[in-house]
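Coming up, as structure tokens: structure 1 and structure 2, two forms of one and the same protein chain.
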Structure 1
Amino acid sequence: MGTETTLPTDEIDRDAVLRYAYYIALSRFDPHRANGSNDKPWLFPAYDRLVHVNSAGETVPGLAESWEFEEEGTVLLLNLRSGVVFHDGEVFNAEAVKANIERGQTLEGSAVRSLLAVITDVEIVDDLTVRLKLTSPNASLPAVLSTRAGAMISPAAFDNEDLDVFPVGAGAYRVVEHIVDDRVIYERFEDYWDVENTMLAGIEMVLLVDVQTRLNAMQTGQIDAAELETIQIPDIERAGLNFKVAPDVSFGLVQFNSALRPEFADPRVMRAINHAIDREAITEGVFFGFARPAVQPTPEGYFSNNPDYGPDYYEYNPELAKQLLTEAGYPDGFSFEMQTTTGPSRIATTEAIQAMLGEIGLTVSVNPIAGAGPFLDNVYGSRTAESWMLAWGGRPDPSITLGLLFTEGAFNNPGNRTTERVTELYQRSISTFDPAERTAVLQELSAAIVEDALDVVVLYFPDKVVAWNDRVQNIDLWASGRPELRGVSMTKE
């Protein structure tokens, strides 16, 4: 998914300030207490992390130049970069890593505690080497350290009263002005370890919640780049802006609680449902073609996606679906409730599914729940919902998503249904450390999940759009769904 174009350096304007609009407000600038992955675009210019991800979602060196698993994966050894300083002049070293991880684990109100729970001890080997001792092998830890959980705060600033408003990190940019819920002005940090490749003199990141307002601001030249919506593509083209369309790791799914309704525990029923849903009708009818039909829980082209299982693995075939239902002992079908949130595309998708399942004799009553909080409580908290349609936000590593949805006892698997081979492959996915080998395991796991027809029916990956004007170079859509401005440059006017 990366689109790198190299420009002659004399065309790049190292004095340029990028004006970028993002649509979700920052919760807090303290990365350990910032509560969502939506905060990343605001946090990461100022806070560097131990591990970086590239736009394709693969982990690459960050403040840790390299890492390796030791002692059968129960220890993660990090080799830290030398010569790194925080914005307050403090030196980044093994001490700082230990202090940060311990802060994330123990701080009152920490929102990264559960992500760091796998680490039992941080041992300082020398000034630039740490060993993280783990409760069990965990190959997704490097990806976790690319999130807020791996963001490094200057230990001298831990107790700053205003850390929620003024970050003190080691990122490529330091914050010079922050008007809460309005804008953040970043300025290039000249002592950044990779300052040579930090092409922008600064970033002015503005909160523009309304998507039409973002497009308007791009048209008047008040903003250089922003994420927009696919429905605006004709307007984006008319305005003469550059844009790119691609899906990320978030996807639409329907999930069934097979513990509450044993009918769903029969794989034949789940295969019948898979065959009864016309995914393309949904992507065309609800998303006007700006979504990709899928049966796997990661997008095409992403490293854990198995190329042999395309969207037509479960081709639309109501006759076959009916036959499978009859085989399972439900020739007359049965009825159940499907919950969703009140967003227009969610309701439209759920109603389409209602009609499609009605064709094979399954009577679905749609129940839209107002508010994400009560909805999530019904489906994963109190687990009182029989089935539901939702958008899965994606996680930094596929093992995390697959573990949460498809393993026994997992928070997002209320039906608690899994199979032996899925369990076995999942275990291997978190205890295989060679990247190529791990990719193979993940692809095998992805295939097993599709074949075994577990409680989740994957529907589609919606497209995202980023637009930019002619001066902006190298801006991209990130597989993580959270844009980073690393590598972005601007040409001279």
Structure 2
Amino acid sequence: MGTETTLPTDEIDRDAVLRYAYYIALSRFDPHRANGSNDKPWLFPAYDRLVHVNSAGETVPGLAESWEFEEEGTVLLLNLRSGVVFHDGEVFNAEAVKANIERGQTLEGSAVRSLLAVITDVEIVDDLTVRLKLTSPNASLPAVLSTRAGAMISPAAFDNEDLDVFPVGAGAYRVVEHIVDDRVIYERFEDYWDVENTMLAGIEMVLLVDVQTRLNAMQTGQIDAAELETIQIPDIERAGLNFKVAPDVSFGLVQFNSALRPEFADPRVMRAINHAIDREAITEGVFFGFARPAVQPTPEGYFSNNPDYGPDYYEYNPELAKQLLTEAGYPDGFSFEMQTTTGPSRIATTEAIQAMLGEIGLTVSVNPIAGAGPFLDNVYGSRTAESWMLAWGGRPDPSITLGLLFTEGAFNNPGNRTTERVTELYQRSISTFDPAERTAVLQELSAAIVEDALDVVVLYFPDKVVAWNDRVQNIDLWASGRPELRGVSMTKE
């Protein structure tokens, strides 16, 4: 869990506060209602989950010390960690697990309901053991429990009116100050169970949307670490900062609400849009080559990626796109709105797509929304957006992403559009435990998603950059695309 400390203990400054800049605001601090994967860097210092992940994306023990499937995969047994307390002093135990899962399943506005729907009952075996009874075998459930769905809130705080602003978790750090849409101040929770991963006195997480502002803040010493962009690498090197570049499983996409606009329910329209977008032009023009075009929701080389469906499966072909629109009954095209956030690469990508779709007769009005909370509420909360461009945060298991975006009733599928083939393959993907067999099913599912042209148009997989000054130790890029700060430490000045 976390990264291994590389310094002798006497060289670590346990009084240091890490100043970390992030670029997307927190939607809310209630993990069951937080509606975006970009909430994770804000949530996870305060909220431990039943299962954790390491920077490579592998599941590791969290509040559950171990787990195992029973009864042919229809029961997941969790052995809970002893001696854990919440920030309000309440004890973590099996009753807390049961209460949290049932809250996530029933809470109005829950963003994790569909992830927990497979659980039919939480049986308390004893104070530190629970059995999750499932509707069917689900190989991805431990990974699901490493996300917001597995975050544990103190049951005594369920009815707190300010839970969206001040969390009450069992994480390594507790929140002492929260200035909405500006910064969160965390301090070390002295009763935390994992002392080796609380080497900081605290964390100051600062919202800096503009990437140049983040770099400037690092150069002037106001910030210790931040995610930056690959186009800044020459400036990062000139500033003498440490940095790392790596890909992850997060990706850029455009999504369409076919429930709101029935035009998008026609596969011919969606194939037309796919053929109208020049993915390589976006990766070169917006990301200067530090991104790879894609049509699948997992990257090339990843075990669930189908190698027969490369980025040229939907070749850039405006004439074919026009033909498909005509066949669908829209020879003169139609108009719709596309929302995005105000980040420079998001706006640039959305405007590029606007121009490309304009070439085939689709008139797109771009609506940048300031703040991740309002944007995600439009998209996945009230579901009032017609279409949107965003970066999908990686998940620790591909079935989670595929289920959230492409299955009926899923939180992140406002159009509720799927196919029988996708549904059947998804169910097989979560009920297959043999690794080789599961890989084959996931690759077949990925192919079906591409061929069936559903509501999501995958665009690219970008490289990520994290930079830090010389005092920061053990920081990393996370395969999930969403940083955690477990195990980070700082040297003495």
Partner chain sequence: MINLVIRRLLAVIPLLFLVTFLAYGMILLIPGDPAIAIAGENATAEIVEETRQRLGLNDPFLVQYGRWVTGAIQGDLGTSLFVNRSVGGAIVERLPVTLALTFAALFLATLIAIPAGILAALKKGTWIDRLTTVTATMGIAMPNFWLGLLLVLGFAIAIPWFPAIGYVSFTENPFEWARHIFLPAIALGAAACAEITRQLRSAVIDVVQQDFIRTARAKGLRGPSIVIKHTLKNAAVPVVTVLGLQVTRLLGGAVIIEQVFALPGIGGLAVKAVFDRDVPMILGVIFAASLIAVLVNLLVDLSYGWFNPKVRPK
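All residue numbers here refer to structure 1's sequence, counted from 1. Just so it is clear, the structure is predicted and the values come from calculations on it, not from any experiment. C-alpha atoms forming the largest set that superposes within 1.5 Å between two forms make up the rigid core.
Remark: structure 1 matches the stated condition (the form predicted together with the partner chain).
Where the chain switches from one rigid part to the other between structures 1 and 2, the hinge residue selected from Asp48, Trp388, Leu402, Pro462 is Pro462. The angle of turn of the smaller rigid part against the larger, between structures 1 and 2 and from C-alpha superpositions, comes to 38 degrees. Aligning the rigid core between structures 1 and 2 leaves the CA of Ala291 offset by 3.5 Å.
On a core-based overlay, Thr341 has a Cα shift of 11.9 Å between structures 1 and 2.
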